[in-house]
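Below you'll find only one chain, the form predicted on its own, shown as structure tokens.
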Amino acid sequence: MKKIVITILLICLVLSFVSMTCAAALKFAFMPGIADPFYFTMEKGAKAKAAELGVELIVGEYPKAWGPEYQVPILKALVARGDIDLLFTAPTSTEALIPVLKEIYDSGIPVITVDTYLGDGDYSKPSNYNFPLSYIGTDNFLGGQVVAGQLALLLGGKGKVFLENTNPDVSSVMDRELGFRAGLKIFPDMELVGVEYCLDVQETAVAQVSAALQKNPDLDGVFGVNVFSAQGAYQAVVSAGLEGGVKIATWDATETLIEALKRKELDLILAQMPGEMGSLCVEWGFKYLTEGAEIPRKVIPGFFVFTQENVNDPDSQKYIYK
């Protein structure tokens, strides 16, 4: 009996050692979309979970600008290492990244898309882009609706507003625009007077919003849909001396935007959960590879809305991108 017990214990120890060794050997790669506080915060969340699970996280070079032409060469160099067990990445185009990521998937590397997705994001239906294990990211359409409602409330349900967007072929920001448009329809006295795309260049956003202010001297509000468009939008309004008069709604809780909110140079910020997104990519990837777990085709973290009233609350500080 004693020998049987000892044998069982030895088997358990061996299995435990094998499991730990396999986990330690796993290498996950993260390919961000661009160098900005959102993706830096996502990396921190992913690194923390990777350390907890014993996974080695390899982070690709941050592209200096948004777009397939910047992301794809770095992405290809990253997977060319030949030792990657799983890739999670933010595709910088709904269409242009499909063949590139499909090639990576076909080489035997499972793929998760984070923050942005391929095609229409529905990986459950037959298509040429349904190979990713999951999309892990914000419900951007819902977020756009929330921003529209909050901005409408700030304006008493009526007024002219302008939308400063970034890239017309990127899932996240286009869903925010569509959600914003849908949200405004609830308020018949709200009017969207224009939309521009700055292609993630903050200086372009400043110029476009400045032009919108000149064209519409009775403009009541502006929505900047990401870090670069948001920072450009509020800078244009401040430069025109219209802070407070023109309500500014922004997306992404960078420290720069939070400080502007504290100075009352803008009015609300929708904060995503980038750290949680990175953590979930590592966690689900680990479960998939070590347990054979089936990953939900969509994993949707929530979001938080900063206002001038709650920006200094201690409980709000965890939502700021660091």
Partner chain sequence: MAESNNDSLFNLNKIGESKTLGFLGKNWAFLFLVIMLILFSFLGKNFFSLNNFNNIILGISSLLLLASGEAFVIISGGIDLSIGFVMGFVCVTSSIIMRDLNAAGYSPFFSILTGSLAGLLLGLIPGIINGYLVAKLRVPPFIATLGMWGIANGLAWRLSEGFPIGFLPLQVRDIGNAYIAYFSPKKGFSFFIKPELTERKDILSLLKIIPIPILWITFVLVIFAFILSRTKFGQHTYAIGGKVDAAIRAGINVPLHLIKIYVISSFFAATAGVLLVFKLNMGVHTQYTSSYELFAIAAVVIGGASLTGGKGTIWGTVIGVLLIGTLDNGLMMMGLPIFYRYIATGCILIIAVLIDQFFPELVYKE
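Bear in mind that the values here come from a model prediction, so they are computed numbers and not experimental data. Heads up, when I say rigid core I mean the largest set of C-alphas that superpose within 1.5 Å between the two forms. Positions refer to the first chain, counted from 1.
One more form of this protein, predicted together with its partner chain, exists but is not displayed; see below.
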Q: Decide yes or no: are G159, F306 and K318 jointly within 4.5 Å of its partner chain in the predicted bound form, with each residue judged by its heavy atoms?
A: no
Checking L153, L192, L142, A207 against its partner chain in the predicted bound form, the residue with a non-hydrogen atom inside 4.5 angstroms turns out to be A207
Q) Given that the partner is absent here, does E291 sit within 4.5 Å of its partner chain in the predicted bound form, heavy atoms only? A) no
4.5 Å heavy atom contact, F223 and its partner chain in the predicted bound form = no
Q231, heavy atom within 4.5 angstroms of its partner chain in the predicted bound form | yes
**its partner chain contact in the predicted bound form: Q235, any heavy atom under 4.5 Å** = yes
Restricting to 193-228, the residues within 4.5 Å of its partner chain in the predicted bound form through any heavy atom are E196, Y197, L199, D200, V201, Q202, E203, T204, V206, A207, Q208, S210, A211, Q214, K215, N216, P217, D218, L219, D220, V227, F228
Q.
Following rigid core alignment, is the displacement of the E243 C-alpha between this form and the one not shown equal to or greater than 2 angstroms?
A. yes
### Query
Core-aligned, is the CA shift for F187 between this form and the one not shown 2 angstroms or more?
no
